[in-house]
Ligand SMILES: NC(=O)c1ccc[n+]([C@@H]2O[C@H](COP(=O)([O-])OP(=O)(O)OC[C@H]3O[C@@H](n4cnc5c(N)ncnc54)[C@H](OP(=O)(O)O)[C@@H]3O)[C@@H](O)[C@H]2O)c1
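In structure tokens, one chain follows: the form predicted on its own.
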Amino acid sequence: MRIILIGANGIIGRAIDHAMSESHDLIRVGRTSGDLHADIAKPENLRVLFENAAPYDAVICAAGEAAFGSLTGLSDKDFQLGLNSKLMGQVNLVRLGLSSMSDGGSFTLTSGVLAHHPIPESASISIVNAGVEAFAKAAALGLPRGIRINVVSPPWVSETLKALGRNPASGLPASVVAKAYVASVEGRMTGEVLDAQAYAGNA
């Protein structure tokens, strides 16, 4: 399959690349690196991306920003960051990428564990993650031409925890998280939220 991988240079994106590059033709996308460039918070970037990448069989998004912080400390700009990037950025990937996708293709978006298990200072990102999941479930009911959509929900990723100076053992390796993205693209499910933790025991 010809797959657009957005966020290809991130921790999860690199793991997806490693898991899928031998079996599929990947178009690696980042804001400043990769085969093509795009900022998902900018719809005009996405229109150009899809024009240049078409045709394609799948879109995977492992990108999107949102802010952590106390409810009283988060600014309008902090909330808008997540809404514009991780939420509407992924919504617009589907809206704008749909017309050039092959019949029977798929979108795989990214939410996160904080949608259902919030922690202090996660108000902004919890809203965004839950919104991505609700959007995908609803969108799956009306996508044409057999096109599918799913969401991968990663827990804390070991490599991210290590970069933050925290214990990586409490997280899930990116290589395991990548298995959920592979399952979404190569499987037949749609409208599903794939808990990446469920793939920890898979060979």
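Counting begins at 1, following the sequence as shown. All values reported here derive from a predicted model rather than from experimental measurement.
We do not show the form predicted in complex with the named molecule, though everything after this point is about it.
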{"property": "Options 116 to 124, 70 to 78, 83 to 91, 97 to 105; stretch whose heavy atom lies within 4.5 Å of the named molecule in the predicted bound form", "result": "83 to 91"}
{"property": "Contact of Tyr56 with the named molecule in the predicted bound form (heavy atom, 4.5 Å)", "result": "no"}
{"property": "Heavy atom of Ile6 within 4.5 Å of the named molecule in the predicted bound form", "result": "yes"}
{"property": "Residue contact check: Arg47 to the named molecule in the predicted bound form, 4.5 Å heavy atom", "result": "no"}
{"property": "Proximity of Ile40 to the named molecule in the predicted bound form, heavy atoms at 4.5 Å", "result": "yes"}
{"property": "Residues of stretch 18 to 40 in contact with the named molecule in the predicted bound form (4.5 Å, non-hydrogen atom)", "result": "Gly30, Arg31, Thr32, Ser33, Ala38, Asp39, Ile40"}
